[in-house]
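Below sits a lone chain in structure tokens, taken as the form predicted alone.
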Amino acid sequence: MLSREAAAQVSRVLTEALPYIQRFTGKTIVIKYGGNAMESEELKNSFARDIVLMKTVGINPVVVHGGGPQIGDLLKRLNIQSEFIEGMRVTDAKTMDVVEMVLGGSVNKDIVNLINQAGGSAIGLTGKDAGLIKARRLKVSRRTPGMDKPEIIDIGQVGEVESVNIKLINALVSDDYIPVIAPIGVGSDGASYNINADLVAGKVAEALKAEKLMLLTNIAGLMDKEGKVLTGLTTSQVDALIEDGTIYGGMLPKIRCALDAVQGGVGSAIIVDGRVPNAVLLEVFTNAGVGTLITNQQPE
């Protein structure tokens, strides 16, 4: 039997969750799954339960996952050298084979299995299935001292999203499946492309006109120059923080992805601390949340 205090706490949690359940029922939420949340057994299991609970109460989760560390581990075991330019893995044909094995194989199927074991019905996909993600080669330029024009660098089979086949995703969602998407695209010539998972999640969210885009990270959220987490920002405030150098380095691509998604029609984007158990549920069903919310709404 619950004590009076425990009963009061349970009722508070359920009461707080109710308006969010009502608000998001029937809506699509795209979650980019990666970082520590993919490594700890406790976090992996709590993530899977969060996704299943969302689906059970009528929300439509769509998962896009990363897998960079796992790719690096297999390349190392196979004695294939990894090279990074501007933070992106140079992907030749041999490396692309490993990327497909890891992202489209072991990592994708592990996530699908976790969700299914938690009571959901997940289906694993790559961007090559039914032309889900059409891609083009990513052009990378770098300014070199002494050169008048930026240098164009070939980083191999690294791509960017050209289009998303939402017909396939909508068909799966309407049949009560949970799509789990590996960030591999296919070019017009049939070539495979390795694409940043944040970018894929953002473009999938845009194409679906999702209610929310959630990007799981290994940090507490976007921080100001004093190290305090910024909990709510508008797109114009984010632009200003990029301009003054508050947002820089490795956080820039993630923030730009969130910004593009919101400006492209997604209701809101959230940088979520994936190290917190049940981080997804806390973001969707509570007032507080565990990250930084970015919206297009201007303060009154």
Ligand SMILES: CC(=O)N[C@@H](CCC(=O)OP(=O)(O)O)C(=O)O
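In this text, residue numbers run from 1 along the sequence as written. A quick note: this is a predicted structure, and the numbers were derived from the prediction, not measured.
Omitted from view is the form predicted together with the ligand, to which the following refers.
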Subject >> Pose source in the model of the complex; superposed partner the ligand; site open or blocked by backbone or C-beta within 2.4 Å >> reply: open
Original post:
G105: heavy atom within 4.5 Å of the ligand in the model of the complex?
Top reply: no
Original post:
in the model of the complex, does N196 have a heavy atom within 4.5 Å of the ligand?
Top reply: yes
Original post:
Taking heavy atoms only, is G265 within 4.5 angstroms of the ligand in the model of the complex?
Top reply: no
**OP:** With heavy atoms only and a cut-off of 4.5 Å, decide whether L168 touches the ligand in the model of the complex.
**Re:** no
Original post:
Of 169-177, 67-75, 120-128, 206-214, which is the one stretch near the ligand in the model of the complex, taking non-hydrogen atoms within 4.5 angstroms as near?
Top reply: 67-75
